[in-house]
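Given next, in structure tokens, is a single chain: the form predicted alone.
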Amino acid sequence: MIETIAQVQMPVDEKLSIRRQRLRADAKKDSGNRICIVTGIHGDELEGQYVCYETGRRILENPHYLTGTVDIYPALNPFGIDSVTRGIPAFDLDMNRIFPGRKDGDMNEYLAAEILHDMEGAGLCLDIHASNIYLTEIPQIRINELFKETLLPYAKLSNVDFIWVHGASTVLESTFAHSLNSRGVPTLVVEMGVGMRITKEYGDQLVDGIFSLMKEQGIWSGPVDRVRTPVVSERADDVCFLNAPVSGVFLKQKSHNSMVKKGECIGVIINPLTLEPACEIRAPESGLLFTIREYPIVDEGSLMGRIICNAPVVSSFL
């Protein structure tokens, strides 16, 4: 059932609507439990669009296994999705910086407040993001350490490769996930893939994890696939950052989700004018390369990649 959860009047007789797809079990089988699948806060992050579709498709294929409620919100920022724009067009505003909003505030604050109100009472929420157009990320969940005790058990069932616990000072309180977590709805922030693209294999991987979570929540009674054992980082020095020492064109030599050794070449920055390689980007430590630069033009200081130091291979399953 498609429902409008918030709506505002726009100029020229238009309306801006935030809508959800609600899939609900028959009354006799309904456990009363609910999960929310959310994406589209940033309009240029499209990985979650496939996850929403595939989650719903699998449920509709076997509706007799559904024992709760699944609410799917594919476009919290519909203008951003329509224009493939990160923020809210015309406002130059990042939607993920206006929560929890206010019902008596401006249009965007009102919508933010209504979105949170609609999701109150859910047992779990997944806030699905992608990387930007410059970087590719392995499927990962990022957790504010303030909510670690609650969220870590859920994250380990999500079938991601990496769980990154951030210090409280690095997470803005104005984000959707922080606001919903503060209201007692466990909310996992998923990052994966690359901006403006859909990586189907990553989407399928996360959907398997969603069904694992639904099973644990009493929302799904059907069979589920085994989930991966993720690498968990809880210390700031677990992650190494690679930055460009010079400007130029980056040619990567290692793919993301690959193991690298200390000193191994990740890629080369070349200078098309002088026809010389400007420098090599080498791994500062051994571990898993979980982020790699995709966009080739770099400036001095540009992020080239990130490594989980001394990480084990992440292909194992629970």
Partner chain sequence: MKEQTVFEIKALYRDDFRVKGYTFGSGEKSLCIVGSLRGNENQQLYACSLLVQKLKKLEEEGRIAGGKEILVIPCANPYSMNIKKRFWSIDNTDINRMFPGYSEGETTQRIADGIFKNIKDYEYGIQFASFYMPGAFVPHVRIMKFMDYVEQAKEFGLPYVILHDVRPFDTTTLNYNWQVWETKAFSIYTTSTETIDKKSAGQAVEAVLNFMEKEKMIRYCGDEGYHSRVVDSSRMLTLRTKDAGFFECHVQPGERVEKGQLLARVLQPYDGACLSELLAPEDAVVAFLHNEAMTYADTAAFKLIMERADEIR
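Keep in mind that what you see is a predicted model, and the values were worked out from it rather than measured. Numbering follows the first chain given and starts at 1.
Just so you know, the form predicted together with its partner chain exists too; it's not on screen, but the next bit is about it.
Colleague: Is it true that Asp30, Arg58 and Leu251, all three, sit within 4.5 Å of its partner chain in the model of the complex, judged by heavy atoms?
Modeller: Answer is no for this spot.
Colleague: Taking its partner chain as it sits in the model of the complex, is Val232 near enough to touch it, meaning that at least one heavy atom pair lies within 4.5 angstroms?
Modeller: Looking in the model of the complex, residue contacts with its partner chain do not include Val232, since no heavy atom lies within 4.5 Å.
Colleague: Answer for Ser247 alone: is it within 4.5 Å of its partner chain in the model of the complex, judged on heavy atom distances?
Modeller: Yes - in the model of the complex, heavy atoms of Ser247 and its partner chain come within 4.5 Å of each other.
Colleague: Residue-level contact is defined here as any heavy atom of the residue lying within 4.5 Å of its partner chain in the model of the complex; does Asp104 satisfy this criterion?
Modeller: Result yes; Asp104 sits at the interface with its partner chain in the model of the complex.
Colleague: At the 4.5 Å heavy atom threshold, is Ser302 in contact with its partner chain in the model of the complex?
Modeller: Yes, Ser302 lies within 4.5 Å of its partner chain in the model of the complex.
Colleague: So which stretch, 46 to 54, 287 to 295, 66 to 74, 251 to 259, is the one near its partner chain in the model of the complex (non-hydrogen atoms, 4.5 Å)?
Modeller: It is the stretch 287 to 295.
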